[in-house]
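First, one chain by itself in structure tokens, the form predicted on its own.
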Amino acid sequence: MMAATCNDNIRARIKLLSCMLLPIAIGILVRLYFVQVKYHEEYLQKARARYTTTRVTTGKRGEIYDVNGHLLVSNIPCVTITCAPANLANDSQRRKLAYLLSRRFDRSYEEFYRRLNPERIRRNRDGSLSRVPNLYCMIERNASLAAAAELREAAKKNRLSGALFYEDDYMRTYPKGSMLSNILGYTNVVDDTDVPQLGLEKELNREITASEGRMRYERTRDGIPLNYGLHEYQQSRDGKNIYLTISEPIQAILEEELDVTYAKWRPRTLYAAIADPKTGNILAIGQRPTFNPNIRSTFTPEAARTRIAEDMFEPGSIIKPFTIGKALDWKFVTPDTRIDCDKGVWIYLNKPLRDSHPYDVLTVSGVIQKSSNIGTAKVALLLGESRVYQALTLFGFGRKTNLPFPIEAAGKVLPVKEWDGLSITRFPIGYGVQVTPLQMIRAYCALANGGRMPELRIIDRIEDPQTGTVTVMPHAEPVQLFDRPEAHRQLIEMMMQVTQPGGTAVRAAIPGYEVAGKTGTSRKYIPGHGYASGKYFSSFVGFVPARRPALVMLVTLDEPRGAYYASTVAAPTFQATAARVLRHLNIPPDHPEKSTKHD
């Protein structure tokens, strides 16, 4: 009897307990339903956020080379060092770390001590301020591998390693210093990213920029990656490499000669470029002042601009061959046509036009050789306004070269409807029109290339380092600008006389070689003020050897001091540079018996 009663009590307790546990079980099952079924994805994402992480990797920025693969812009390995000041145990560690950092990096102990404050002020959403642990402080960006290794070892010895973090990175560097710096440009680091500022670095940024990679993996609570926990992996890609048409040896020659000219004549600006007239390839290009992108203290806004593409100037007499060349081509004149130059002063529409010397009667050949303003203006009158305009625009004046620079001026050649009565006598001698140095060298490429004008190129090819694919930039077919080859040959013969005895550019002559070219000395026009007294642009443009040109070169000085005639300040720079380049290219002289060494 007592046993039956005991069993009944046990059964009653079990039923009671079951009744009590059943709602709990039902609640757990309902909860499991919501967790595992209805809200599965939401909770899964929250869980993954706790035990997975994403690491972002970045490839190297593309490098820039000359046409033969000589490195012009590169990346060197470096280390970005950061700190979590909140991980420092006490003020003693803070002081010790500030001391170690000041010994290795170019900042004071006081500055580091201030930046290593273990707390920072945070503004809350309601506008109130609160103190929170300082978990991030930039110590040194672009630290050398040696400096980072030294700091790592010192921090380890002083038991400070837990507060410092090291991330492998790359730093943009320019191994040739100031060479080609105005063209290459440079980058600045903004928010841990290379941001291009000028030149090809900016214009070709899309091609050069590396793409990010992402690795998503599981980790332990301590942050250690789990070998089996890799979820996603996207590889970073290096930026594309750019190969220029520039030849580093020729560029080095040009830079050296520009330094000599800049020091001697102290111009406000000095421009020069060398091109292959057959292909339009820019072999060398430079300007002064310049800067070294590795040393930012050398930087000034005027030095950094790509002024050879941006600046416009009235070219003076270097533009004369184009009007006279087309007058020959269209049969309005011959080389022997005689022009009355009025003994140096010609009155047209009650305005005087002067020559530098009192010439009487010159042939058209003599007009080019002596650079007669009056003779050129009278040839232009034979052509008429529409043909003069056609001649100038045919050679690309008023049209950009479309080289890949962030800014390029188009120049200025007014349409005929905007000409006044004097325009036809002033535009053909280089006044009233504005050109860029690049436009002028393109036009002279046409004269050197049998009358066929190529488009200028400075990018030769682009290489994808991931696939090895090389894309060669296309060569545009040169445009034939002369209808009669005989007229073109006559013009070249006339331009050769410029560098021969009796011409205006005998200082551009290179012994043993036939040189064709033209000087130009023009008064400087300042918008809003007119022509400035005593300020000039002095230019020489030429090609050599004249009948089989290997190169075209332009030299322009803006406001030279001490002298201003192009024959004195610009022609010798052409001679010195071209002579060295011809030797480098192993171009045989036209007359070996007259050739002598020039060092």
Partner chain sequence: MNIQPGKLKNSRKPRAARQGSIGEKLFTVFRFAFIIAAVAGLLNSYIYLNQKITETERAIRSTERELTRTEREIAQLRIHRERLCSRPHINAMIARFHLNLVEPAVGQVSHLALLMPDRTATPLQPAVALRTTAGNGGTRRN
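Given the structure is predicted, the values throughout are model-derived calculations rather than measurements. Residue numbers count along the first chain shown, from 1.
Separately, the form predicted together with its partner chain exists; it is not shown, and the next lines address it.
Give me the residue from 242, 380, 339, 79 that has a heavy atom within 4.5 Å of its partner chain in the predicted complex. Checked against the cut-off, the match is 79.
Candidate from 161, 74, 102, 423 lying within 4.5 Å of its partner chain in the predicted complex - any heavy atom: Only one listed residue qualifies here, and that residue is 74.
Triplet 11, 252 and 589 all within 4.5 Å of its partner chain in the predicted complex via a heavy atom: Yes, the whole trio is in contact, each within 4.5 Å by some heavy atom.
Which among 113-121, 479-487, 434-442, 244-252 is in contact with its partner chain in the predicted complex, heavy atoms within 4.5 angstroms? Result for this chain: 244-252.
Taking the shortest heavy atom distance, is residue 283 within 4.5 Å of its partner chain in the predicted complex? Yes - in the predicted complex, heavy atoms of residue 283 and its partner chain come within 4.5 Å of each other.
Answer yes if any heavy atom of residue 493 is within 4.5 Å of a heavy atom of its partner chain in the predicted complex; otherwise answer no. So residue 493 does not count as contacting its partner chain.
Residue 175 versus its partner chain, in the predicted complex: is there a non-hydrogen atom within 4.5 Å? Within the cut-off, so yes.
4.5 Å heavy atom contact, residue 169 to its partner chain in the predicted complex: Yes, residue 169 lies within 4.5 Å of its partner chain in the predicted complex.
Within 570-593, which residues come within 4.5 Å of its partner chain in the predicted complex, counting heavy atoms only? Residues within 4.5 Å: 580, 582, 583, 584, 585, 586, 587, 588, 589.
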